[in-house]
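First comes one chain, alone, set out as structure tokens in the form predicted alone.
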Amino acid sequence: MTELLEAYRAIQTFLGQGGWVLNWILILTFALWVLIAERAAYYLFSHRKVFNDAVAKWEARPDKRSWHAAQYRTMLISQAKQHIEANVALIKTLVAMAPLFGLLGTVTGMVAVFEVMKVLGTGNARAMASGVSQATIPTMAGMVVAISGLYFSFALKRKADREVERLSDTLVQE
């Protein structure tokens, strides 16, 4: 219990040093990883049913040569694609936003440093240290979030593209 309390205090201290932007980066990080976990859960538990339903609907169709059959096939692939690619674009957007939030933290931290310099001058380095940490910690946090999410965003996009292509190859027109 003591370790958890100490970890909580360390996180609170870290968030306090980074300024208000760091809280937004924390929220963005939480949303990013929830969406990544949702995509992982989809591929583990739901994707097979979506894929098999599309294949079963196609196989149940007696006509697979006509223009109507081609349109039906396109509709099945499009419907499955909506399930397969859900939230992938949002994940990519959140990954791209993380460094921008870090940059916002840099700007707000530098504004804090300049405010201190305006009031106390350049002789008080200790007073400026708070603004410098507000400028650097969000930048670092934004980059760490972006780099860690970048791999998963590419992997999920690649997986989605492969599954759509596999479905397209499975629904063969005669």
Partner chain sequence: MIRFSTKVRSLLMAGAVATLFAGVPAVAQNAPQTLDQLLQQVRRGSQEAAERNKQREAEFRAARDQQQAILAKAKAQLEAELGRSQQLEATFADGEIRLGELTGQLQERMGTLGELFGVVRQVAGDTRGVIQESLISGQLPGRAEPLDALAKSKELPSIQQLQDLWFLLQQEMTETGKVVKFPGTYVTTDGEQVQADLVRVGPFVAFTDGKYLRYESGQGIFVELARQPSDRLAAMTSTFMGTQSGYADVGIDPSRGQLLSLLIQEPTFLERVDQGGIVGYVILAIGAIGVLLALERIITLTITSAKVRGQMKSREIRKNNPLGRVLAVYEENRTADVETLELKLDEAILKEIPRLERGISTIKVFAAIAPLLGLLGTVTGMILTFQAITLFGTGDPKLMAGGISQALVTTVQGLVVAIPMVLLYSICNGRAKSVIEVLEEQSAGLIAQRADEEHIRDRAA
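Source: prediction; values computed, not measured. Numbering follows the first chain given and starts at 1.
One more form of this protein exists, namely the form predicted in complex with the partner chain; it is left out here, but the text below deals with it.
The candidate site formed by Gln79, Leu94 and Glu115 is fully in contact with the partner chain in the predicted complex, as each residue has a non-hydrogen atom within 4.5 angstroms of it. Using a 4.5 angstroms limit between non-hydrogen atoms, His68 touches the partner chain in the predicted complex. For the chain shown alone, Leu120 is a contact residue for the partner chain in the predicted complex, at least one non-hydrogen atom being within 4.5 angstroms. Although the partner is absent here, Thr108 is a contact residue: one of its heavy atoms lies within 4.5 angstroms of the partner chain in the predicted complex.
For the chain shown alone, Arg166 is not a contact residue for the partner chain in the predicted complex, no non-hydrogen atom being within 4.5 angstroms. In the predicted complex, the partner chain lies beyond 4.5 angstroms of every heavy atom of every residue of 32 to 52.
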